[in-house]
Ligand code: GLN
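Let's start with one chain on its own, the form predicted alone, as structure tokens.
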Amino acid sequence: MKIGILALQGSFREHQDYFSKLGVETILVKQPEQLDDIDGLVLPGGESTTMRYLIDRYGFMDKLKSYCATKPVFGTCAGMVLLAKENVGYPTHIGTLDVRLKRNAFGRQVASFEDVINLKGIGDVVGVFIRAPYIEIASDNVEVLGTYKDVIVAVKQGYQLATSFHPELTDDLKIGQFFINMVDKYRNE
């Protein structure tokens, strides 16, 4: 199994370290052609507007849309923003995750926080929220995995997994293992 981590901007090195603790081979995806050689893709946290600029500049968008619509992908924070079908007040990016999302919904950087979140099928995890989005509305084909103070912060739709928070900034590997299990299931179908 090989997990690719989009390495244009954001916490891609932290994700690489996180998945290496799970014993998974990772590659830093810096060229669109690299998407052909991976079993799962991580869209890391970072700054979604900057990521979009670099996605467009390096010709990733068509391949990303195709990949995310059909193969395992895990978006954290800005990665969730990239996946969302609708970003309130902002343009859509990849648009394969059938949700309406609010960017920077928990406040500015100074309002960052950590709290325990219970995720369906995963258990309790520490959520690190940094200028995090949340989902206002998820369609019926989206499974809500977790909420925080009555807003949606973790979802799964087919082979797409997305969290508002940063699991890669903790020592808790449960979410990463959950994604690896999704990739295994996809590879065995």
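A quick note: this is a predicted structure, and the numbers were derived from the prediction, not measured. Note that residue numbering begins at 1 and tracks the sequence as displayed.
Keep in mind that the form predicted in complex with the ligand is missing from the display, and what follows is about it.
With the partner omitted from this view, the residue of 63, 156, 52, 131 that lies near the ligand in the predicted complex is 131 [heavy atom within 4.5 Å].
None of 23-31, 136-144, 64-72, 44-52 except one has non-hydrogen atoms within 4.5 angstroms of the ligand in the predicted complex; the exception is 44-52. Contact between residue 77 and the ligand in the predicted complex is found at the 4.5 Å heavy atom cutoff. In the predicted complex, none of the heavy atoms of residue 97 sits within 4.5 Å of a heavy atom of the ligand.
Within 4.5 Å of some heavy atom of the ligand in the predicted complex lies at least one heavy atom of residue 103.
Put simply, residue 15 is far from the ligand in the predicted complex: not one heavy atom of it is within 4.5 Å.
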